[in-house]
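Single chain ahead, by itself, as structure tokens, in the form predicted on its own.
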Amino acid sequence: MSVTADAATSLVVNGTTLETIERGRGRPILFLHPSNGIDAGAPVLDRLAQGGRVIAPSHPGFGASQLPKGMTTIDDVSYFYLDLLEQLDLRDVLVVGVGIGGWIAAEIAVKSTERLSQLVLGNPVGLKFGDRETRDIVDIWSVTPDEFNALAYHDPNVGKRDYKSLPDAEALAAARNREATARFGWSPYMHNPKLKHRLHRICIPTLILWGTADRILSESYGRSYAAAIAGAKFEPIERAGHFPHVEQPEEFARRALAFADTPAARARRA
């Protein structure tokens, strides 16, 4: 197994090249983006980098990252990230995941927390709490872009993009993000039926940050998510929706870093 890294552009894990953003120095912070990807100009990355070395890859198949042959589930993606952590020999890692990235983070943690110190999950998906007739998560494929923005954001204008005017590389990345989200989250829709029964394996401090204007998910969904992880805390973030790191990057990062620096967290790292 081999890894090479370019702090500005790429990370190669087992022959798969990931588009990667790195910022800051110190303890590692793995940022796992939601379905709409991540870009180098995202303010949340600079703010998180005040607390450590941020590593923010585009997931396999997203952005400009390659998709390994045979990778078809979020479960597969989580094993890939375990390889990344091992090959880079990262320890005491604060894992911050939003949306589908929160799902990936939870899947990583139920497998192994050996290299992790805390989890911070922002409006995560990945679980189903209702019965088979109850939709826990809005079907994002059945709504128009404007309808999606109205459901996903406190301020729908934040999510608007003129795809026709985007540079080719950005338009391609957006298309790949959408395609990869469908690949990994189509069936069963945006959850792993087995994950809920594995959450007892998460044995590190966990914080659920919740954009209260999210209408893709309900607040009760978020509170149920927190209740399913032993000792997890739930904190709402006002004036933010499904992507709280976008609408409230300063507050999102401040709370994530504060959680990672509690006395209990420092004692665990000692």
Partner chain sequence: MRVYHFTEQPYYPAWNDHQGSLRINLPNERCDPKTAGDLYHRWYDEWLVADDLGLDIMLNEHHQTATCMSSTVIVGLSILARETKKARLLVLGYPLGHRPDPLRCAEELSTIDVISRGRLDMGFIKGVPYEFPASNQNPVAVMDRFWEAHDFIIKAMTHRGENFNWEGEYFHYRQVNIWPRPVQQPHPPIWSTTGNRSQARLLGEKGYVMATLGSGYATRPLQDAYRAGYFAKRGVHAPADRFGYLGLVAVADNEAEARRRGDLVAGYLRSSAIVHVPFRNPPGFLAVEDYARMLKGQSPPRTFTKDGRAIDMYKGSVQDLIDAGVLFCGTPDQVYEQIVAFCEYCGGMGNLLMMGHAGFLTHEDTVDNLTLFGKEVLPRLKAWKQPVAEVAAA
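All values derive from a computational prediction rather than experimental measurement. Numbering follows the first chain given and starts at 1.
One more form of this protein should be noted, the form predicted together with its partner chain, which is absent from this view; the next part is about it.
- Within this chain, P193 is remote from the site of its partner chain in the predicted bound form, having no heavy atom within 4.5 Å.
- Proximity of L166 to its partner chain in the predicted bound form: non-hydrogen atoms within 4.5 Å are present.
- Contact annotation for A150: none of its heavy atoms lies within 4.5 Å of its partner chain in the predicted bound form.
- At a distance threshold of 4.5 angstroms between non-hydrogen atoms, E179 is in contact with its partner chain in the predicted bound form.
- Exactly one of the stretches 79-87, 142-150, 196-204, 101-109 approaches its partner chain in the predicted bound form with heavy atoms within 4.5 Å, and it is 142-150.
- Residues of 167-189 lying near its partner chain in the predicted bound form, listed in sequence order, are P167, D168, A171, L172, A174, A175, R176, R178, E179, A182, R183, W186, S187, the criterion being any heavy atom within 4.5 Å.
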